[in-house]
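Here's a solo chain for you in structure tokens, the form predicted alone.
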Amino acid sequence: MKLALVGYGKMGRAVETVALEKGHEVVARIDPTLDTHDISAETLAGADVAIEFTVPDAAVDNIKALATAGVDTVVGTTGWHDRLDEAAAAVNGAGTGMLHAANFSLGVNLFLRLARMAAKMADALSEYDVHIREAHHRHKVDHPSGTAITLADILVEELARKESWSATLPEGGPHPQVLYIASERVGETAGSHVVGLEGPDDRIELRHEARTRVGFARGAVAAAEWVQGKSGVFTLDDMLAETFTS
């Protein structure tokens, strides 16, 4: 498979390493820091799939440009999903494929499913308050992380006593019906997510910690292999449907 890397930072380089190990060819590297920074049929150099890890403000324009060029796309950037309809319209209009995810780590996706199961059980224990903590490296722009948002949506869906989530505490203290997310941006932390259940006498935690970026890169390359030749908009759940049971 011929790959284009849109975004050639630490994640882009990790993806490149994994892709080459798996026998794929990287035919284009597109990044503002490189000579090649515009997306076009010419700069994509015949790529079958593009893997996009950039910044939230650039993601949708990149997706549109890749769709116009007829290239299937894997999107690992987070913080842009309020414009998902706009991006999906471009992809569907072009007849290309796009797979997007808040987190491409297969372990994280198992963690999300375990969190859903835990929330269903915890819903019967009203004395336990549920919260989320997440930490990432200081270069990550968006907060809370896309994974934390996905996690919060799952927990609010499963917990009858939680009506919404928030990343900020209100004046006067927290509301019992709100699920709170605490975020940290520090050092070079690859990524940590914790679901905490705080009871009157004890604490339960479900935790996922990424040791390196390689796990995300492996998932992104696997997603590129899966989405090639497909039309429409997909998530990692679509790809993992044969691996994990609901």
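Computed from a predicted structure; not experimentally measured. We number the residues from 1 along the sequence you see.
A second form of this protein, the form predicted in complex with a small molecule, is not displayed here; the remarks below concern that form.
Among heavy atoms of residue 32, some come within 4.5 Å of the small molecule in the predicted bound form. The small molecule is not shown here, but in the predicted bound form it comes within 4.5 Å of a heavy atom of residue 142. Residue 77 belongs to the set of residues with a heavy atom inside 4.5 Å of the small molecule in the predicted bound form. In the predicted bound form, the small molecule lies within 4.5 Å of some heavy atom of residue 11.
With the partner omitted here, the stretch from 114-122, 164-172, 150-158, 134-142 that lies within 4.5 Å of the small molecule by heavy atoms in the predicted bound form is 134-142.
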